[in-house]
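In the C-alpha cells that follow, a single protein chain appears in two forms: structure 1, then structure 2.
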Structure 1
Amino acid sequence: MKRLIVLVFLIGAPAFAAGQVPEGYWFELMAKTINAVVFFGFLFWLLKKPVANALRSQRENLTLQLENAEQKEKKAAERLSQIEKRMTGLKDEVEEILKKTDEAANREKQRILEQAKLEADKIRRIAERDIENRFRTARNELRKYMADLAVEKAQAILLEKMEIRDVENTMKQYLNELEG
C-alpha cells in the first residue's frame, strides 16, 4: 500500500514541479489511483488462489521429481555397487576356472605321458620278442642248413670211401632193423 502512495506522488511530481497543476488534477489522480487499486486488488484477489495453487503444485511436483531423482540415484548407486561386486566375483571365478583348467590340463598331460610310456614299453617288448623269435628262427635255419651241409659232406665222403659191398651190407642191416 505504501508503494502505491509513493507511486501516485511520483506520477504527479513532474506536473507539480512545473508549477502548473490543472484544476481537478488531484481529484482525477485520486480517482484513477483508487480505480487502479481496486482493479489490481480485485485482480489480486481473483488470481491469488489459482496462482498460489499453481506455484504450490509446481513446487510439489518439482519436490516430487527431485525425490524421485534422488531415489533413482540411490538405486543406481546400489546397482553399480552390486555390479562391481559381481565383477570382482566374476574375476575371481574366472581365475579359479583358469586354475582348475590348468590343473586338469596338467593331469591329462601326465595321463597321456604315462599312457605313451606304457605303449612304448609294450611296443618295445613286442619288438624284443619279434627279434628273439627271428633270431631263434635264423639259428634253427642255420643249424638245419649246417646239418644238411654236414649230411651232404658225410654222404660225399662215404660215397667216395664206401664200396658197393658196404652199401649193400648197410642196406640189409637197415632193412633187418625195419623188419624187426
Structure 2
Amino acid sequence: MKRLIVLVFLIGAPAFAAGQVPEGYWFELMAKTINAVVFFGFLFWLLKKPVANALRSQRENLTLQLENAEQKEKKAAERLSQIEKRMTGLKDEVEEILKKTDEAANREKQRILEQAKLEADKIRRIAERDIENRFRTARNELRKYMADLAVEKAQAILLEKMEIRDVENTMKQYLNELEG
C-alpha cells in the first residue's frame, strides 16, 4: 500500500516540480489513483486464486519433476554403477573365458599332438612290419629260387654226366640198402 502511495506521488512529481499544477489536479490524480487501486485490487482479487493455484501447481509440478529427475538420476547412477560393476566383472569374466579358452586350446593342442604322435608311431610300426614282411618274403622267395636253381642244376648235371653204369650203381645201392 505504501508503495502505491509513493507511486501516486511520483507520478505527480514532475508536474509539481515544473510549478504548473492545474486546479483539480490532485483530486483527479487521487480519483484516478483510487480507480486504479480499485481496478488492481479487483484484478488482484479476481486473479489471486487462479494465479496462486497455477503457480502452486507449477511449483508442485516442478518439484515433482525435480523429484522425478532426482530419482531418475539416482536410478541412472545406480544403473551406471551396476554397469560399471558389470563391466568390471565382464572384463574379469572375459579374461577368465580367455584363460579357459587358452587352456582348453592348449589341452586340445596337446591332445592332438599326442594323438598325432600315436598315429605316426602306429603307421611307422605298420610300415616297419610291412617292410620286414616283404623283405622276409622276398628273401625266402630268393632262397627258394636259389634252392630250385641248385637242384635243377644238380639234376641237369646228373642227367648229363651219369652213364648207364652209374644209374645201375644207384639201383645196386638201393638194393643193398634193401638187403641190408
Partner chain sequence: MASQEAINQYARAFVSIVSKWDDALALCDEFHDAERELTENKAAVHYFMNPSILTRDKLKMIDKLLMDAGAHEIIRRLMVTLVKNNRFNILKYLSEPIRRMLYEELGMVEVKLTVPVTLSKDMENRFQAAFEKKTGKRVILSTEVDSDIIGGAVARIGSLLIDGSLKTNLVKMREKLTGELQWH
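Think of the rigid core as the biggest set of C-alphas that the two forms share within 1.5 Å after superposition. Just so you know, these numbers come straight off a predicted model, no measurement behind them. Just so we're on the same page, residue numbers count up from 1 along structure 1's sequence.
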Original post:
Which of the two shown corresponds to the form predicted in complex with the partner chain?
Top reply: 2
**OP:** Superpose the two forms on their rigid core, then report whether the C-alpha of residue 138 is displaced by 2 angstroms or more between the two structures.
**Re:** no
**OP:** Examine residue 167 after superposing the rigid core and state whether its CA is displaced by 2 Å or more between the two structures.
**Re:** yes
Subject >> After superposing on the core, C-alpha shift for residue 32 between the two structures in angstrom >> reply: 5.5
